[in-house]
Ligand code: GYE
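Here's a solo chain for you in C-alpha cells, the form predicted alone.
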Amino acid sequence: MRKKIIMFWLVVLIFGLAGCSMQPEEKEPEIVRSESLEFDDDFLHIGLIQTGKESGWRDANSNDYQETFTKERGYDLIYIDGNSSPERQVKAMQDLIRQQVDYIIVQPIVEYGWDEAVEFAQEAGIPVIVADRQIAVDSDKYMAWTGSDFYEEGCKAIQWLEDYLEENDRQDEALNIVLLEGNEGATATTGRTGGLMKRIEKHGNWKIIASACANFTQGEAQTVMEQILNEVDPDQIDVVIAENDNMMFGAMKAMERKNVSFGPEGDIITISFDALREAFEKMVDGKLHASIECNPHLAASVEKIIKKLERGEKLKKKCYYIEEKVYDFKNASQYIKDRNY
C-alpha cells in the first residue's frame, strides 16, 4: 500500500516546520527493525509504538506482536519502545509517517496529545490502529481500537469481592480498602478505577481509606505501600486492590517487611489485575485472592483488522473487545499450567 508522493512530502514539510519551534529530545526512541531500513514491497510494513517495559504483562504483549508480525507471515515489523514517555511515542509516529509504513499500531501511554500526529497519518494515507489503551481523538481519524474493557474489569473485581464476602457470610461487615492506581491519564487506570468506584459506592459500609498512584510498576508500588503502612494501622486494612499484578507484588513485599498478614491464608483480601503467571503462583501459594484477566494477546485482533482493510472491506465497528476471565485462589491450580506469561 504505497502512498502518494505529493502527500508524503507535504506531511514531511509540515513536520519540518513544526519541528522548528520544538526543543530536541535528549534521546531518540528505541527502534528495532527486522532487517535494513530499505522497504521490500513483498511485505506489509507495520509500525508498532509500544508503551515501554513496565511490567510482565507488557513483555507478553510485545512478544505476541513480534511472534505474529513476522517476515515468514508477510510482515516487516518496526518495533518502537516508547520508554514510558508520551512525547517519545508521538515523535515515533512522526518518524513512521516519514518512513511511509503501511500501517501504524499505537499502544498509547496516555490518551491525550495525539491529535496532530493522528491527523498527519490520516493526511499521509496511513491507517492507524489503536490497541490496549485508547486515545482522545475523533474516532473518524483512526481505523479502529482493540483491547480490554477496563471499566468492566473494575466491575468484575468488585463482583468477585461481593461474592467472596457473601460466601463467607461477611457481606454486612464494614470494609476498609486500600487502592493502588496506575498511570494518571491511562485508559486502564481510568476504566478500572471507574468500574471499581461505581460498584464500591453501592456499599455504604465500605470505605477507601487510602489510595495512591504507583504507575503500574512493582518498585513504585512497594514504596507507596510502605508509606501507607506507616500512616495507616495495618489492622484497619481489610482489602488491598492493585490495578495490575506488578503493583500487587510490590505491595506484598511492603506488607511482608511489616509482617502484615495477607492473602487467603492471611487477614487482608488481595485483588489485582492482569492474571500473569506469577499471579497464579501467588494464588496457589495462598498470597493472592483474585486476579482479573487483562489479555495481552492483542496481535491476532489487530491482524484481523489489517486483513480486512487489505481486502478493501469496511470495518463494521470501531471497538473490538478481547475475551477475558476472572481467576482466583480456588481455580488457579487448574489453569496455571497453561499460563505462558
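All of these numbers come straight from a predicted model, not from anything done at the bench. All residue numbers refer to positions in the sequence shown, first residue = 1.
Just so you know, the form predicted together with the ligand exists too; it's not on screen, but the next bit is about it.
Contact with the ligand, judged by heavy atoms within 4.5 Å in the model of the complex, is confined among 299-307, 278-286, 312-320, 57-65 to 57-65. Using a 4.5 Å cut-off to the ligand in the model of the complex, each of A188, F216 and D274 places a heavy atom inside that distance. Among heavy atoms of I46, none comes within 4.5 Å of the ligand in the model of the complex. Residue contact check for K91: none of its heavy atoms lie within 4.5 Å of the ligand in the model of the complex. In the model of the complex, the ligand stays beyond 4.5 Å of every heavy atom belonging to K156.
With contact defined as any non-hydrogen atom lying within 4.5 angstroms of the ligand in the model of the complex, the stretch 306-341 contains no contacting residue.
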